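One chain follows as C-alpha cells, the form predicted on its own.
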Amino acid sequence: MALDPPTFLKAINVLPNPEAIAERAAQNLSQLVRVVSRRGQKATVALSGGSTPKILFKILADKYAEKIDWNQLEIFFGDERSVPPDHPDSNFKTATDLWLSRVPIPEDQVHRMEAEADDLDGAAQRYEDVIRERVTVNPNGNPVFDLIWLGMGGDGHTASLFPGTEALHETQRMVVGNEVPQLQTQRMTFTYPLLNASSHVQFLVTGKEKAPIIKEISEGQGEYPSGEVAPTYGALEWLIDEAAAAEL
C-alpha cells in the first residue's frame, strides 16, 4: 500500500481526567478498526503500560466488546518488563486480564514480547520479525503501525526508552533489549525508527507531576525521550488531563 504524502501533525488535547482520556482513546480505536477494515486489512496497534491504559482496557472490555470487530485487530506491545507473562508487573498480563481475555480477539492476533528470555537480544529480533511479517512496511523498509499508544514517566521516558540508555541511539533495529541501570533491570522496547514510522502515535499522560515536562516538550525544550517521538508520515497526538496541563 502506497503511503500518503507527509501529514505530520502535533496536537495537544486537554481532557478533564484520566477517564476522559481513556474514553477518547477507546473511541479512536473503534473508529480505526472500522476504517482499516474497509480497506480489507487488520488494524495494527501497539499497547502501553501504566495506570491510564488500565482504565482504557477496562472501558474497551466493558463498553466496546460488541462494538469492535476484534477479528480485524492485531495487538502488539511497545515495551515489556523482564518478567514472565503471569507476573503482576507484566504489561501483557495487565492487558490480558483487564481486556483481551474478555473480548473475542483471536489468540494468534495478540503478540507478546518474551522479555523474560535469557537471550533478550534474540527475543527482540524475533519480535521484530513478527512485526515485519504482520505490519505493513513502507518504502524505506520500516513497519508502519496504524496506532501506537504511549505513556510518559516522571523522568520523561516513554515505552522503555529511559534517559541515558543505549536504546535511545538505535537507528536500525525496530525492537531491542535495553539495559536500564537506574532500575537495575533490562527491558524490551520499541525504538525511535519504529515509533516514528507510525501512522498515529497517541500519548496518554496524566498527573500534575508530569506538568513541567509537558511544558518543556511543548516548547521544544529539554532532552526527554518522549520529546524525540515525531512520526515522519503520521500524526503525533498528546491526550493529557487538566493536571498534566497545569503549566501550559
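In this text the structure is predicted, and so the values were computed from the model without any measurement. So that there is no doubt, residue numbering starts at 1 and follows the sequence shown.
The discussion below concerns the form predicted in complex with a small molecule, not included here.
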{"query": "Interface residue in the predicted complex among 52, 202, 44, 191, criterion: non-hydrogen atom within 4.5 angstroms of the small molecule", "finding": "52"}
{"query": "Single option in 159, 175, 113, 148 placed near the small molecule in the predicted complex, where near means a heavy atom within 4.5 Å", "finding": "159"}
{"query": "The small molecule contact in the predicted complex: residue 153, any heavy atom under 4.5 Å", "finding": "yes"}
{"query": "Partner contact for residue 74 in the predicted complex: the small molecule, 4.5 angstroms, heavy atom", "finding": "no"}
{"query": "The small molecule contact in the predicted complex: residue 81, any heavy atom under 4.5 Å", "finding": "yes"}
{"query": "Per-stretch contact check against the small molecule in the predicted complex, the hit in 217-225, 63-71, 44-52, 29-37 (non-hydrogen atom, 4.5 angstroms)", "finding": "44-52"}
